[in-house]
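Let's start with one chain on its own, the form predicted alone, as structure tokens.
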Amino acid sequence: MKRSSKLGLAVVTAATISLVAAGCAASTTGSGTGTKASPVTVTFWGSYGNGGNSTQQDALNKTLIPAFEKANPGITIKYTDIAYDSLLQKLTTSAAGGQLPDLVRADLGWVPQFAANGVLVPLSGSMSDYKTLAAKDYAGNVSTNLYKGKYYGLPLDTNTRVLITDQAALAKAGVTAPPATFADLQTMATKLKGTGVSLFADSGLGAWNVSPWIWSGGGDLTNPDETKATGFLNSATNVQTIQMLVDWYKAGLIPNLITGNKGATGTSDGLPKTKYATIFDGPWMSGIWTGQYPKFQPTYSPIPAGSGGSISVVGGEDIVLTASSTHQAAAEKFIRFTQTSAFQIAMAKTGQMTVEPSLADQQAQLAPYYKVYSDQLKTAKSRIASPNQSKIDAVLTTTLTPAFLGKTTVQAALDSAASQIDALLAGN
């Protein structure tokens, strides 16, 4: 699932340009084509502008790519921006026609799909320094590139979900601090009954939504090899966790937004309007609220901990190299450049979260709430690495919704989901 930042924290300054130039000069080691005598053009598709957002795209086109090209004479990077909602379809069509670009900024959920189709180069095999580069990044993000024992990309940017609360709503529950545990949420649930304020709100029941609850509750989606969901997704531990949510829903403490009511108040409006006390969401919300609710002051905190601790879900994009590329060595030079602190910090200034924990303090200087997200990323996990990930999301939604609506039990819902996901994993 795509989660993009809508922030524009800063423009790229002249000092940044100097830093970037130094960073990409350091990234030019290794053999490859692309010299003054034999120039090459590396094509790169992505959604930095997301069909219109210029801040990130300008940083890429006006600062980062020119600095890379200056440090690597003979290599030209031709970036094409495609609206996110159109990019997957364009990639799928182009793959069928054998007309993919050299590099893609891919939603992390797409990597297994394209890896399974054989259209990506396993970078863990082609780049001798892959392990060194990957070791600098959040483990959860690196794992999004793993498919059947090989890594097909490197993290490019990241995000995750944390707890965001409205202090006015917390006050109605008679509490002064955000809930830190499942037990705290249960206490708040009791205190919020009859106040007209929902304890928690979310917009669905897919893996992006329920995984933080399941993992923090001490459960799993599948076995460690991600080959079987039965016995894991439908465990007694997960039944208890999901039943907690269902009980809140039935008590009117979770709105029917979670079960697909399109007329329900969205989380971006419900929290600042004190309709909802808590939500899980990403760092892009700050930019939304700054524009729409400038007086609203949200509080960012870790996902409430259950018996499994505080564990959230990884979002973001990876950079991948297509197997059809005729300029792989030159493309790999640009991949290395995206892993430099120069590239990562320049993009952080446009609202993109860095994939490197060592840069978290610099990032937090841009906006303090980033620290909560970077701390959460230390334990955040990736969703199931399957080319059928979108179908897995659909299974979770269609099986869990009846449990919330009281049409089946949580155990029966999870049993059905596990069985259907087993079949999808067997087809990987």
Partner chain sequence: MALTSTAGRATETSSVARPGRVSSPRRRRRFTLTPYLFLLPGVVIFVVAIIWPAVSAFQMSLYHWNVFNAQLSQWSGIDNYLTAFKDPHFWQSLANSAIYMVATVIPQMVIGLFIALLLKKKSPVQPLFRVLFYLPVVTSWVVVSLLFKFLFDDSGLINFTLHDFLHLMNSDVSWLADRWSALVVICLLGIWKGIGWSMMIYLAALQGVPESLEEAAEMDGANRWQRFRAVTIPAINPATVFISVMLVIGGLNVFTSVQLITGGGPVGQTDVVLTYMYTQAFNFSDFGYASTLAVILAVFVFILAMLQLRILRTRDGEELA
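Positions refer to the first chain, counted from 1. It should be emphasised that the depicted structure is a prediction, and the values quoted were computed from it without experimental measurement.
Keep in mind that the form predicted in complex with the partner chain is missing from the display, and what follows is about it.
Student: I need to confirm a contact call. Of W213, F337, F114, W248, which residue comes within 4.5 Å of the partner chain in the predicted complex, counting heavy atoms only?
Tutor: Selected residue: F114.
Student: Which of G260, G196, G174, G125 has a heavy atom within 4.5 Å of the partner chain in the predicted complex?
Tutor: Going through each option in turn, the one that passes is G260.
Student: Is it true that L163, Q243 and Q362, all three, sit within 4.5 Å of the partner chain in the predicted complex, judged by heavy atoms?
Tutor: Not a single listed residue reaches the partner chain in the predicted complex, so no.
Student: Does A236 reach the partner chain in the predicted complex if we count a contact as any heavy atom within 4.5 Å?
Tutor: It does not: once the partner chain is placed as it appears in the predicted complex, A236 has no heavy atom within 4.5 Å of it.
Student: Under a 4.5 Å heavy atom criterion, is T92 part of the interface with the partner chain in the predicted complex?
Tutor: Within the cut-off, so yes.
Student: Within a 4.5 Å heavy atom cut-off, is L88 in contact with the partner chain in the predicted complex?
Tutor: Yes, contact at 4.5 Å.
Student: Does A183 reach the partner chain in the predicted complex if we count a contact as any heavy atom within 4.5 Å?
Tutor: Taking the distances in the predicted complex, the answer for A183 is no, it never comes within 4.5 Å of the partner chain.
Student: Counting only heavy atoms and a 4.5 Å cutoff, which of 371 to 379, 385 to 393, 37 to 45, 56 to 64 contacts the partner chain in the predicted complex?
Tutor: Heavy-atom contact with the partner occurs in 385 to 393.
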